[in-house]
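First, one chain by itself in structure tokens, the form predicted on its own.
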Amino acid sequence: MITIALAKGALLKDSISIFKKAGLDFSEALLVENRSLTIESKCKKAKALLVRNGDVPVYVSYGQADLGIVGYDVLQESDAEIAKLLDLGFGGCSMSLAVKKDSGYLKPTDLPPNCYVASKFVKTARLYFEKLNIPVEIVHLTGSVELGPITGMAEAIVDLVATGKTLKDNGLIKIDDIYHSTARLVANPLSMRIDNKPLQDLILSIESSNDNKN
């Protein structure tokens, strides 16, 4: 039986749609009354693990899941050894650098040297500023990073931006986009090597339906 790690939250509905087109129905996971963390497909050929977005690469790398769907932003932060297979195109948002609207900063190089930048995405933020050769201190926050500039703790934030409404509501503006993030199909490398066809057939089916959609 193929095991698939699906991220709960914003990616779940489209992830289930992707697998349904490939013949695996996990729609029970979308029911309000569902509290189960494992869902078996109606055809009994696969099961889904419902996990946090950030945990998808972990389950896949440890072999507890053969496949997974996860945001590119999570992959950028993860050191998990997994095979990155397909860009599925949904769940689009930007990893962006943002500051207070009235800060006067219009581009990254306007930030003062060694200033504080708040982010959930520490690895991404650090690499970004290293490439720009701008020395900053990264402050790791796990909640609403917008509070960093609001409270004066940080001059800027690095965070995911979808519609931009949260930034606007909190008096912040984007001054740079670092990358565009979408949902990605990933796999356990060992599962791929020992697969006796079902896993590869499933991947090809997903790839075909995704190509047709695009």
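Bear in mind the structure is a predicted one, so any value in this text is a computation, not a measurement. Residue numbers here begin at 1 and follow the sequence given.
We do not show the form predicted together with a further copy of the same chain, though everything after this point is about it.
Of the residues D102, E137, E130, D79, just one reaches a further copy of the same chain in the predicted bound form with a heavy atom at 4.5 Å or closer; this is E137. The single contact residue among H180, K168, K44, R52, judged by any heavy atom lying within 4.5 Å of a further copy of the same chain in the predicted bound form, is R52. Against a further copy of the same chain in the predicted bound form, the set S17, M95 and R126 makes no contact: no member has a heavy atom within 4.5 Å.
Mapping the unseen interface onto this chain, V58 counts among the residues with a heavy atom inside 4.5 Å of a further copy of the same chain in the predicted bound form.
Contact check for S27: no non-hydrogen atom falls within 4.5 Å of a further copy of the same chain in the predicted bound form. Taking the partner from elsewhere, L147 is found to have a heavy atom lying within 4.5 Å of a further copy of the same chain in the predicted bound form.
In the predicted bound form, a further copy of the same chain lies within 4.5 Å of some heavy atom of M153. Proximity to a further copy of the same chain in the predicted bound form, taken as heavy atoms within 4.5 Å, picks out 138-146 from the listed stretches 81-89, 138-146, 106-114, 68-76. Along 6-39, residues K8, L37, T38 each place a heavy atom within 4.5 Å of a further copy of the same chain in the predicted bound form.
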